[in-house]
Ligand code: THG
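In the form predicted on its own, a lone chain appears below as structure tokens.
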């Protein structure tokens, strides 16, 4: 099952049987004071820099979030989306909890974008899914609802089913839904990653949809986060995950290796191509 995204001329296929899709996470001001300040000033130069570095690092898609307290996201989000679409030829993932900002951004976004996100709450389903249908986008569905994030895989899977069914009522095909099984930190709950991995398996088995992860959440508050993030990504890919919102400047090489070892890179062509353009520095 393929989820198709497009920019002006490029097509990205999120496919559980194909190469892992990397959604660049850095255009998001949460925890990034420099980006938050730049957005508040209306200076998009730093956004351009982040976009350029992530694309050079191997991003297939760019997540775009302008969620700064007090910022008029209805005005700023479409400005950032339009700028990125004009200057970079890469599909976008429009990331906002505000339906009005989402609609404003979708009106100026070329190609076919990924909406981040809808969840199992009635208010979210009723406000986001009609926009997904109207603008013919794909959408990430978060497995949470009015009761929060469930602690068991079965309830998370049930919320995924609810999102898929509600989308189907509007005529949104199942291949346009990417389920985010939600990643919580193992620093607070040592079983958190195991619950997420089991949810990946259940959602993949029951619905066959593409599965997304916010991978870096798993290591929050712990030492050597990169090691934990890579270990988790490898396990998640084996369980059935097909894309992640993560840092392409750090993890693309690892993910190319996963593609090769999973038999998704014939003759190591993509792995070798990546390292021809991103040579490994020799250790002294």
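Positions refer to the first chain, counted from 1. In this text the structure is predicted, and so the values were computed from the model without any measurement.
The next section is about a form of this same protein that is not shown, the form predicted in complex with (6S)-5,6,7,8-tetrahydrofolate.
Enquirer: Among 122 to 130, 103 to 111, 208 to 216, 190 to 198, which stretch has residues with heavy atoms no more than 4.5 Å from (6S)-5,6,7,8-tetrahydrofolate in the model of the complex?
Expert: Of the stretches listed, the one contacting the partner is 208 to 216.
Enquirer: Taking 4.5 angstroms as the cut-off for heavy atoms, does residue 227 touch (6S)-5,6,7,8-tetrahydrofolate in the model of the complex?
Expert: No.
Enquirer: Might residue 26 be said to contact (6S)-5,6,7,8-tetrahydrofolate in the model of the complex, defining contact as any heavy atom within 4.5 Å?
Expert: Taking the distances in the model of the complex, the answer for residue 26 is yes, it comes within 4.5 Å of (6S)-5,6,7,8-tetrahydrofolate.
Enquirer: I'd like to know whether residue 140 contacts (6S)-5,6,7,8-tetrahydrofolate in the model of the complex, with contact meaning heavy atoms within 4.5 angstroms.
Expert: Yes, residue 140 lies within 4.5 Å of (6S)-5,6,7,8-tetrahydrofolate in the model of the complex.
Enquirer: Residue-level contact is defined here as any heavy atom of the residue lying within 4.5 Å of (6S)-5,6,7,8-tetrahydrofolate in the model of the complex; does residue 245 satisfy this criterion?
Expert: Yes.
Enquirer: So (6S)-5,6,7,8-tetrahydrofolate isn't shown here. In the model of the complex, which residue out of 145, 176, 73, 95 has a non-hydrogen atom within 4.5 Å of it?
Expert: The residue from 145, 176, 73, 95 that makes the contact is 95.
Enquirer: Taking (6S)-5,6,7,8-tetrahydrofolate in the model of the complex, would 2, 60 and 252 all count as contacting it (heavy atom within 4.5 Å)?
Expert: No, the candidate spot makes no contact with (6S)-5,6,7,8-tetrahydrofolate.
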